[in-house]
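Just the one chain here, laid out as structure tokens, in the form predicted alone.
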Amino acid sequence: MARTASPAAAEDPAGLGRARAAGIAAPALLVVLAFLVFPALWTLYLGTTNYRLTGHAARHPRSVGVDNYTTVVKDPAFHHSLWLTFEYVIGSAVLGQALLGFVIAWLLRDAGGRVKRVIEALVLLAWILPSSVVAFLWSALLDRDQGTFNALLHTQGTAWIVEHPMTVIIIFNIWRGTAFSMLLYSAALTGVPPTQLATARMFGANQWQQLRDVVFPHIRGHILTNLLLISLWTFNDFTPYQITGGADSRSQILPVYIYQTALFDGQMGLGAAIALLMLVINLVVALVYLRLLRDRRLERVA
């Protein structure tokens, strides 16, 4: 015997569908509220107080308005840390991971199956290992007295992390993060029509001309997407602290600076203000990339 819909469901099927959709989405919304919205609002609140980890201000914080933000903006240490962060992002993400990832993907596009799998596995291994493990390995590699790098170069007493901290963390981040760019570009290159490359070669185009006139126009959207993601990830990367310990101001990028201010110095209110300014910078960078992506889509439609 066929089942018939209830009168209420028959009268308002759209309302029933909305109720079911809301029930399905409710758990995800609760997670977003608990782990994104509430921490953001709490950080905004802390940024307007003198809250500290210890002392009277820890138990009875008072509102200070925008004093924390004005203090941060005028602080030379913040300017120095912000500059180091942009240097870290441009050096390791934009010029390092993006470029090296494309070079590997381009060279492997016609490689044999076994060679390609081995190289991809080695690159991916650096990406999937826990950050604490790879930070320890790099510390051992660059150790002053018994480091592998000094042994290979037959040098003694060179403390690479102490003497060249910014160079070390940039190279480390390139080594660790190139895998994502390689995978994205490998997928993007499969969408480049082989017939266009063959036609370009037939008319005498060299490798650079093929890239400029055929490959890059097809994968420009993928390049911008990759730059957006790796720039934001690198801008918020805390792994350098696991290598340098944050003791040297020459490599104190913004995430490390926030950690030192909020936890080591105990100035939670000031640290929250820096974190909010960092969030604003992230949004500006994201909007710039999204604008470029939108312009790219409009060009394709036109």
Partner chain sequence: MKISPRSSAPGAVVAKIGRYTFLSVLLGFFALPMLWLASAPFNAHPTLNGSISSFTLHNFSVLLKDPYALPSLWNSLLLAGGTALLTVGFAAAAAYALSRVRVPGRDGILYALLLLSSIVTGTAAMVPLFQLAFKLHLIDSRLGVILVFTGGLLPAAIFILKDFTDNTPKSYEESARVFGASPFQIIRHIVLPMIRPGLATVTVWAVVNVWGNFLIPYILVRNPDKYPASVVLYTFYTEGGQPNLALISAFSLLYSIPVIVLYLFVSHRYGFRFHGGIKR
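Residue numbers count along the first chain shown, from 1. Every value quoted in this text rests on a predicted model; they were computed, and no experiment measured them.
Form predicted together with its partner chain: not shown, discussed below.
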In the predicted bound form, the one of 130, 193, 113, 157 near its partner chain [non-hydrogen atom within 4.5 angstroms]: 130
The single option of 84, 72, 219, 108 touching its partner chain in the predicted bound form, heavy atom within 4.5 Å: 108
Just to confirm the contact call: exactly one of 211-219, 85-93, 136-144, 158-166 touches its partner chain in the predicted bound form at a 4.5 Å heavy atom cutoff, so which is it? 136-144
Can you tell me if residue 78 lies within 4.5 angstroms of its partner chain in the predicted bound form, counting non-hydrogen atoms only? no
Tell me, yes or no, whether residue 186 is in contact with its partner chain in the predicted bound form, where a contact means a heavy atom of each within 4.5 Å. yes
Contact between residue 236 and its partner chain in the predicted bound form at 4.5 Å, heavy atoms? yes
Report whether the minimum heavy atom distance between residue 27 and its partner chain in the predicted bound form is within 4.5 Å. yes
Taking heavy atoms and a 4.5 Å limit, what residues of 69-102 are near its partner chain in the predicted bound form? 100
